[in-house]
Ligand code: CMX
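In the block that follows, a single chain appears as structure tokens, in the form predicted alone.
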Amino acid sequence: MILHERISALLPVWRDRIKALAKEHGDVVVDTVTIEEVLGGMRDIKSMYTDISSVDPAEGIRFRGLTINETLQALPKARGGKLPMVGGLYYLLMIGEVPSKEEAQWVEDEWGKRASVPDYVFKMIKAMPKDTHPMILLSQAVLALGKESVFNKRYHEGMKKDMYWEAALEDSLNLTARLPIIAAYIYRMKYFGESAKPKYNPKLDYGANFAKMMKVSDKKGYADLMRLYFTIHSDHESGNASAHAMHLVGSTLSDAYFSFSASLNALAGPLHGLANQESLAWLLDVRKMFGGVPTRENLYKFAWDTLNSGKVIPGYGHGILRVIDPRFITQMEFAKKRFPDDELLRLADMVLDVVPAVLKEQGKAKSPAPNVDAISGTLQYYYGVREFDFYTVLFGVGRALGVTANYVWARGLGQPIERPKSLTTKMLEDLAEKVVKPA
């Protein structure tokens, strides 16, 4: 094929040009950023603002200024559970204040009123080929729900700009209310062939509803796990791929459904939402290799064998964090209180002891500490969710809480459409040349 042949011939030259720019002229400033930052995926460039959450390299995520531990301690607990109601978290993200139990329950009640999915959404999901990836089904379902968009309807009726946020909030409440139903339906239909539509019980909270609709475990604690899971996966600043995708699409005044579908599509990428299942797969490979939990020495060798084969150890390292991810710590503490003797959990604990030391010896990782993905799949596996490709769907349901809060505030503050300026490789080379040989 002519295009394949031509691009194949051109790529080596272009790759060399980009490498030379990065290596020889990476520190050259282009307006306010360097060539290295232009070529490096805009990493760490401070060009967005949000008050919903922030990430500090030394302490991890803060939701409206609260650390993970502070958030879990401050928010009202679910009836019959030890973890907070997800409705309380959503109130915190939206309002910026810790809610009372009544305020958290108000959000839960709103979700209960809005938790009705149109029949055509279920029919569309069911009509897809059986081997369709669950993230495709979830993204399609979210797009299909766009037919119900309050924002889209009111915009075309001439809604005033300072009222955008109200319609955005309506869409966000409707969307987040329906996601657990859709996700549970995808799970039961795809893996168990069930066609019954899950029923949301308005007397139960968000986490308990999802746990019940999933029907995965008779082990005590799955509702609490999902309360925790949705909380810690809700947001992680605005610059990560899924949050940024929603912000970018939302900045065009696309409704929450178009925008969140884009967010899910970003989350589905292997460099973003896939790490949780890859981390679990690596643990299972270790267990299979040694017939259980290995000795520390055998694990040390297995870790080095992984690295020497050109692979990475998934779940370790982070683009921002330089300490153990507090979301990892919270999940590990949850598991040790409930099932400390579980074999995979004991293995994950040993990996925590061994792998950071191996990565330090290798010297390539900026941060050898575990992130949230290093343990989250292990907890789902214990409770019976063992279909790896569904894990990103769980991530997506939780992520909706943070990105829709950002979406509402972006419309409320009138944040503009995103439109960064791009440069050609020749422009960058010319700028670098001027620095090397000033006029």
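Numbering starts at 1 and follows the sequence shown. Basically, rigid core = biggest C-alpha set you can superpose within 1.5 Å across the two forms. What you see is a predicted model, and the numbers here were worked out from it, not measured in a lab.
Another form exists, predicted in complex with the named molecule; not displayed. Remarks below refer to it.
*Asks:* May I ask whether N69, L283 and R346 all come within 4.5 angstroms of the named molecule in the model of the complex, judged by heavy atoms?
*Replies:* Heavy-atom distance to the named molecule in the model of the complex: none of the three under 4.5 Å.
*Asks:* Give me the residue from K82, K153, H272, K126 that has a heavy atom within 4.5 Å of the named molecule in the model of the complex.
*Replies:* Here the answer is residue option H272.
*Asks:* Work out which of R296, K147, K366, H133 lies within 4.5 Å of the named molecule in the model of the complex, going by heavy atoms.
*Replies:* Answer to the contact question: K366.
*Asks:* Wondering, does Q380 line up within 4.5 Å of the named molecule in the model of the complex on heavy atoms?
*Replies:* Q380 lies outside the contact set for the named molecule.
*Asks:* Just to confirm, F395 within 4.5 Å of the named molecule in the model of the complex by heavy atoms?
*Replies:* So F395 counts as contacting the named molecule.
*Asks:* Using the partner position in the model of the complex, report whether L253 sits within 4.5 Å of the named molecule, counting heavy atoms only.
*Replies:* Result no; L253 lies far from the named molecule in the model of the complex.
*Asks:* Given that the partner is absent here, does R43 sit within 4.5 Å of the named molecule in the model of the complex, heavy atoms only?
*Replies:* Judged by the heavy-atom cut-off of 4.5 Å, R43 is in contact with the named molecule in the model of the complex.
*Asks:* Based on heavy atom distances of 4.5 Å or less, which listed stretch (200 to 208, 101 to 109, 220 to 228, 314 to 322) is in contact with the named molecule in the model of the complex?
*Replies:* In short, 314 to 322.
*Asks:* Could you run down 351 to 385 and flag each residue that has a heavy atom within 4.5 Å of the named molecule in the model of the complex?
*Replies:* Sequence-ordered list: L359, Q362, K364, A365, K366, S367, N371, V372, D373.
*Asks:* Is the shift of V355 between this form and the one not shown large enough to count as movement, that is, does its C-alpha move by 2 Å or more after the core is superposed?
*Replies:* The answer is yes, as the C-alpha of V355 shifts between this form and the one not shown by 2 Å or more after core alignment.
*Asks:* Given a core-based superposition, decide whether the C-alpha of I95 shifts by 2 Å or more between this form and the one not shown.
*Replies:* For I95, whose C-alpha is compared between this form and the one not shown after core superposition, the shift is less than 2 Å.
*Asks:* With a threshold of 2 Å on the C-alpha, tell me if A268 counts as moved between this form and the one not shown once the core is superposed.
*Replies:* After core superposition, the displacement of the A268 C-alpha between this form and the one not shown stays below 2 Å, so no.
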